[in-house]
Ligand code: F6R
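Listed next as structure tokens is one chain, alone, in the form predicted on its own.
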Amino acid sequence: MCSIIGYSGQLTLAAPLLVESLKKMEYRGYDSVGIATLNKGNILVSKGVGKVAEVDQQLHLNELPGEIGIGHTRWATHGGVTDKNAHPHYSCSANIAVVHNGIIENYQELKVELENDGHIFKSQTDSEVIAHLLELNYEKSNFNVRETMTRTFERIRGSFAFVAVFSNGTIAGARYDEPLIIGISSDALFLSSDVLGFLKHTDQAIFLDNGDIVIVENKQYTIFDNQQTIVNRPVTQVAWELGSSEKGKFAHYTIKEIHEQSETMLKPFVTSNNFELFCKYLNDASNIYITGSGTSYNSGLLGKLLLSKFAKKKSEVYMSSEFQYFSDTVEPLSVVIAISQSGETADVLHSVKRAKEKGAKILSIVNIPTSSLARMSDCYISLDCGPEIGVAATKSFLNQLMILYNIVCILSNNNIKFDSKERKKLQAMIQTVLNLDNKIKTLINSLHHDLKDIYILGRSIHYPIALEGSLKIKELAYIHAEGIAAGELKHGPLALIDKESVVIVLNPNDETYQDVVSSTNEIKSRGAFIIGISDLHNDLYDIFIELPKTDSYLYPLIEIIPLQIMSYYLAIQKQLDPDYPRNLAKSVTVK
């Protein structure tokens, strides 16, 4: 969601560096932007509604003087999208400015208390409470920043990460259930919600633990807990290369990341991932639960089918936002598989906490090994697909599936073939499908431009792919799309089909083929336009996208690729920005 960056150093002036850092984190989603810099004891704030480049052009953000500063991109939760609600927020004296990610649950009672004490609020946000609370405690502690931070931390309830700049040149930050990372270079120190905020300048990072507070002053950092006890956290070398966060020859990150899949799909098997230990936990489990949000939920659905069909293991899949309502059924010997690209999704973390309280073991499949989810887990497997900048998940979804297939292979004693030789064959097939890019682009351009509805049909292991494909279309092209279990057509969805309908059928030549053909006949007779994705041509298809022939259980890994490409070009056809869909954020870190 929101992005935070703090900087203190001699690399350059703070403002242009902060602006550049915020651009690197735009993928997280936001509606307004602002920075604050310290110059000769004065904190200067500039902020406004819009993208970083737009606001910079209007307000000249990168021209503020000073070598110390903080920056922020805001996703509105409390208060509308206005200049006043944009961060940073001043204290009354303007001696403190704050940027914040998360939700302060008790902000209303704190606001009343502060207003009664004479503080004047200028925004509708919960975040501004932090600035005034810091100011109150700063004065009470005789301007002791450490005491100010601990007193403020004690009063706040909710999930949060915030960074404050003080007029004496100190930057301080704190986190609770929201990420905050220290970046360390020889010439500067950074506080950021994302390693991409400082990765251009250093790959040395400290991932703060829950409840940590950090103070940066005089070119040094100090980490302590909310009892003011100094603590040490390890320095981690961030493995991601900066080049992977650039678009290169591609027009957008989304299509770049789609095409990267033939390379990144094998990355989880190159590093020393914990597959054997992960599977041991599953073998020892009395019950298996799978949870995730959005795309990760869809991969969990396919994982459940594969575990049942090939490994003969039963599992339950829950959306993370719903899992809390069923967590009472979790038993001590249960295992929860939590799937998340970022490892910071609020609903996922909440589900994991509830399950841990019940005594369950936590296994996670996550792209960021230093994330909150990975650190909360008894065992995790890394996606290793590098930074995914596009808001819509693409390469992370494929890698989730690759990992799930390998887990099922191990648990089933190779009931499905998924060794390195088979994975290499699969890689070649996926590249073959990626080479259909221009054909799919032409297909999309041939469709009428005012599409209102798209339906995607699939049976068995293809149904979760239908759901994921429809999610991609909704996210990128803002078209109503629905994944439908093909056998359910007569139980309601067929009423929606007419001559204006576009229906995509996932129909590889496997055990589901003939049943899907029958469903396609019913749709065709209602006048719908049919796009067939299969390894076998059928005259029912108005357009045919041919898949390579492979073992039937592998088709979900291949058939998602054309759906991703189609979604991208539907967005381009409508002149939309596929990297930053409206109203959406990459990592939903607030509930």
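Only a predicted model underlies this, so the values are computations on that prediction, with no experimental measurement involved. The first residue of the shown sequence is 1; numbering continues from there.
Omitted here: the form predicted in complex with the ligand. The next part is about that form.
Query - Stretch in contact, per heavy atom within 4.5 angstroms of the ligand in the predicted complex, of 515 to 523, 388 to 396, 95 to 103, 325 to 333 - result: Among the listed stretches, the partner-contacting one is 388 to 396.
Listed residue (295, 273, 150, 412) with a non-hydrogen atom within 4.5 angstroms of the ligand in the predicted complex: Of the listed residues, the single hit is 295.
### Message
Only one of 489, 471, 285, 497 gets a heavy atom within 4.5 Å of the ligand in the predicted complex. Which one?
### Response
Filtering the options by heavy-atom distance leaves 471.
According to a 4.5 angstroms non-hydrogen atom cut-off, is residue 345 in contact with the ligand in the predicted complex?
Yes, residue 345 sits close enough to the ligand in the predicted complex that at least one of its heavy atoms falls within 4.5 Å.
Margin query: in the predicted complex, is there a heavy atom of the ligand that lies within 4.5 Å of any heavy atom of residue 475, even though the partner is absent here?
Written below: Taking the distances in the predicted complex, the answer for residue 475 is yes, it comes within 4.5 Å of the ligand.
- Is residue 193 close enough to touch the ligand in the predicted complex, meaning at least one heavy atom pair within 4.5 Å? No.
Subject >> Non-hydrogen atom contact residue 73 with the ligand in the predicted complex at 4.5 angstroms >> reply: No - in the predicted complex, heavy atoms of residue 73 and the ligand never come within 4.5 Å of each other.
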